[in-house]
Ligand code: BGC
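Starting off, we have a lone chain in the form predicted alone, written out as structure tokens.
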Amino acid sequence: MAAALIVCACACSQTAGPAIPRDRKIERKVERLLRKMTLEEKVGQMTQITATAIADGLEITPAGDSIMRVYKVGSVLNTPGDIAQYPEDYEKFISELQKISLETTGIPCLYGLDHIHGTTYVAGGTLFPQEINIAASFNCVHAYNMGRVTAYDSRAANVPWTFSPTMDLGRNPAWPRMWESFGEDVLLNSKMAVAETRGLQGDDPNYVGPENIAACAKHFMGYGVPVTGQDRTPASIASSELREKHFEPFRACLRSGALSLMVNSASNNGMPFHCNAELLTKWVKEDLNWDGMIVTDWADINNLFTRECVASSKKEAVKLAINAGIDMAMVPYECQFAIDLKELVEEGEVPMSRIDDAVRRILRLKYRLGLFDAPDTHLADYPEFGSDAHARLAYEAAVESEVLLKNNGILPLRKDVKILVTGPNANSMRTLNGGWSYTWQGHGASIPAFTEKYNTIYEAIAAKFDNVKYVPGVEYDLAGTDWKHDEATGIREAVAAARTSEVIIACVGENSYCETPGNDVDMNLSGNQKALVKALAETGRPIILILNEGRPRIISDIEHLATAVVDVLLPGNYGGDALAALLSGEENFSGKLPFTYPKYTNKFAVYDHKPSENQETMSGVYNYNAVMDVQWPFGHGLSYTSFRYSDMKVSKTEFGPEDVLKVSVDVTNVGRTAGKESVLLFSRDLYASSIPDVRRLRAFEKVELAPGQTKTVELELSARELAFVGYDGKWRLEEGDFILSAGSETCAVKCTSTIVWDEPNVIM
């Protein structure tokens, strides 16, 4: 069959102008308004308060009304009552806030919600899989669709701003927010964040239309690699790695037009990010020429005093943060920040120029959102809110994100096979959605009302197959707050049911959690769940192990008991339906792991590790073993068909620093089933002046192939993308040999000259 041509344009321009070209009309409006504002109005614009501080449920209290007017508060966040509300309720609530703001200052309020995987706080809106799932699809279309639907459904609820995308590199599996990220890789995070941002904001950041909202890239930066693995605790990232890996997704997202940025709550090498002027002002505002707005995370200016101990008072904390480059403070409960900041300006401790810069950025964002012309949007103008078309996009994302890790021939299943569905994750919508789902922790007595129309794993399997029994064996307290707790409520009963079944589908993993409450001391799957799997294995019936988890739980002592393993991660409201369709063969698996799945608790790894982490036993007096041993590698994922790679070519076997390499490889579906394959292009720098990574992902493209079909996938790679940051903090592309690989194919290429540069806004 003749090869079709698929082109993935991965190269970016080499130099950078302003991150967002400014609109002169907007700039004139900003300057005119800024000149008229009092100091009180300016510090009020820089103040953001949470909805529960000014309202009782959906009613703004007299005290809340007073807070808004006295302190001239410029922004409100979070959902009233700390639970999802219906769009008509948001419309009324936010319009009341806008009325107060416009009467007080003539400036509209900026309202923001944590819509991190769809409209997570709007009842009736569309929830997508979590970001870790979107990454597992290796398909940027799903990130774009999630952004677009999130924006539409948010505007239907009168909400113009979301705190997403999250692009912290999830490189420590113990970190409880790993599932909020796009995984461990730099490029994957960058491309997914850019795609989601474009979906959220549309094509023109200066004029965000009525069906789009402002994005907020977070958490700047290095949040996903705390030394201890615990949330909001210190990192220890080398300056070269900070520049080369952790900064790149933010650089890409901000340069693509993201209008706001949220800061990492923690610290690196003793310096809290919230008072790091080098990063906030120099790297972001000056080096990138970015004119968006920087907002803190929850109470993190106060935390410079109360937790980080770099300020001797809350007032000094305000001084440090604002002078470092913070524009808006998520205070979030009281307005002492506004009082302190006004005094600091009057005392000469914070220059007026810094205040004007911050307020200019806030006003610019509000003008770009069109809030001055139309402070409110109305549900009646959004007929597609929560539509079947939106649901279909979320389902398709779930299908492509669930990863087949092992299959010893048992899958797909016959429709009439006798199935036992068991395990604590089998009949739970809470575990499919995870945190940031209707409530912060994803739990609560009211949540079933929001999810009752969707199918759990058990319900979806029961609807797809003829003979299905359900015995949980182990159960969570799904309405409770102790997400770690599970109980062995009926392992004996589950085993008895297994003996009369042909196949066991054991659904294990984690309950929902979010942020610091998700900290854990043991990454093993719970003892009760392992006991359930071991007892089931004694029946001799084949086990299909379903992992439903936000981060990889250690299963090395039970993995061998399973005939097949599927990691569904956190696939959302349509995840159960997607899994049932995949198990039946109605759909085909195409997801790949966006992280390295560890085998042992003391041996976490990332795929782009150093050569010394993966070597043979060293002989002699220093006889140690450093062999890399993982459960499944980054990029692993099986299908019901097989793909053969062949005829890899590169346009230049020798290249200079300004060249662009065009790499092509033929991919053939050699099986009997149609399938999708994510073609991953890796590079390896054989020798460098700083220890090179063993490999790096440089491009990817997903293709769909019919049985017997071949497609030529063409990927572009700028030579500068092969550079690294050296020990001196400068970018270096060095003369020498590289290996490019895709699937089983490799090509050797050679860089003919060395260049060194330090411009931070030049693409790598």
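Since this is a predicted model, take the numbers as computed values, not measurements. Throughout, we count residues from 1 along the sequence that is shown.
Same protein, other form: the form predicted in complex with beta-D-glucopyranose, not shown, and the subject of what follows.
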In the model of the complex, is there a heavy atom of beta-D-glucopyranose that lies within 4.5 Å of any heavy atom of residue 648, even though the partner is absent here?
no
With a cut-off of 4.5 Å between heavy atoms, is residue 643 one of the residues that contacts beta-D-glucopyranose in the model of the complex?
no
Does residue 114 reach beta-D-glucopyranose in the model of the complex, with heavy atoms at most 4.5 Å apart?
yes
In the model of the complex, does residue 659 come within 4.5 Å of beta-D-glucopyranose, counting heavy atoms only?
no
Please determine whether each residue of 163, 177 and 219 possesses a non-hydrogen atom within 4.5 angstroms of beta-D-glucopyranose in the model of the complex.
yes
Heavy atom within 4.5 Å of beta-D-glucopyranose in the model of the complex, from candidates 262, 156, 663, 403, belongs to 262
State the residue from 315, 232, 255, 541 whose non-hydrogen atoms include one within 4.5 Å of beta-D-glucopyranose in the model of the complex.
232
Looking at 125-133, 295-303, 566-574, 340-348, which one sits within 4.5 Å of beta-D-glucopyranose in the model of the complex if you count heavy atoms only?
295-303
Within 4.5 Å of beta-D-glucopyranose in the model of the complex, counting any non-hydrogen atom, which residues from 427-465 show up?
436
